[in-house]
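Only one chain is included here, represented as structure tokens and corresponding to the form predicted on its own.
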């Protein structure tokens, strides 16, 4: 298979397979979570309880002041990586065009040079996160194969996309095909690795906030 054939397969059948596995896997994981159910809460609802779940999603996304002082590098690299990843995903013109062709939805793009710089910063943050995990004895001890696999699955689309954008390392067609394949691999693995937290964290935070708000706990 030559480079063009690989690219056409990645943009066609490969993408379709990845999306089917991604959607089926996500639905399966969500079914597993919600089928667990929850105990009936007999306590009297507190005022403002209806908003407690949404409030917790927002409040738990902000760094705790005490933990921020103790683990500033982790927070800095983590926020840089997450924000940078989603900017690169959602605001690069070719990505927006893909969303428009797939779903019919589109929005204004950021300047390519800006997204390029943010992508590079995100790659650096990911490398620093890996280095810090390997350096810190507790983090290194607690890390599993899933942690490193999730890191690699996240890094691959960013790095291959950056290399393709700048026509580096490999011919453009080949690098673009590898970039698309790395995204598809990310989609396939997301429901079955710790990357599923991109969805489950909002569910868990809403659940905890809703339950605690019902009991009148301070969020």
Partner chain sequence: MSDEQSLGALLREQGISRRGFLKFCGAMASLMALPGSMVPAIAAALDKALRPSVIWLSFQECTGCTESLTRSHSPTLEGLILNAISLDYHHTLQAASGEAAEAAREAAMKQFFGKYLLIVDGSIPTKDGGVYSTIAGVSNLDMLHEAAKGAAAIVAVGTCAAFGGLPHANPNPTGAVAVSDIIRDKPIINVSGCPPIPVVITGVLAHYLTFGTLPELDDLGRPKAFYGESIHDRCYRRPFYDQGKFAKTFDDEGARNGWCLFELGCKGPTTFNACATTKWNQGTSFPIESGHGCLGCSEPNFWDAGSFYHALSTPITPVGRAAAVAAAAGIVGGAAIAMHNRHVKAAARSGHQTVTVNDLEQASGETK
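Positions refer to the first chain, counted from 1. Just so it is clear, the structure is predicted and the values come from calculations on it, not from any experiment.
Not pictured, yet referred to below: the form predicted together with its partner chain.
Its partner chain in the predicted bound form comes within 4.5 Å of a heavy atom belonging to residue 111. Not displayed here, its partner chain is kept clear of residue 168 by more than 4.5 Å at the level of heavy atoms in the predicted bound form. When its partner chain is considered in the predicted bound form, residue 35 lines it closely, a heavy atom lying within 4.5 Å.
None of the heavy atoms of residue 192 is located within 4.5 Å of its partner chain in the predicted bound form. In short, of 69-77, 143-151, 88-96, 123-131 it is 88-96 that has heavy atoms within 4.5 Å of its partner chain in the predicted bound form. Every residue of the trio 2, 15 and 23 has some heavy atom no more than 4.5 Å from its partner chain in the predicted bound form.
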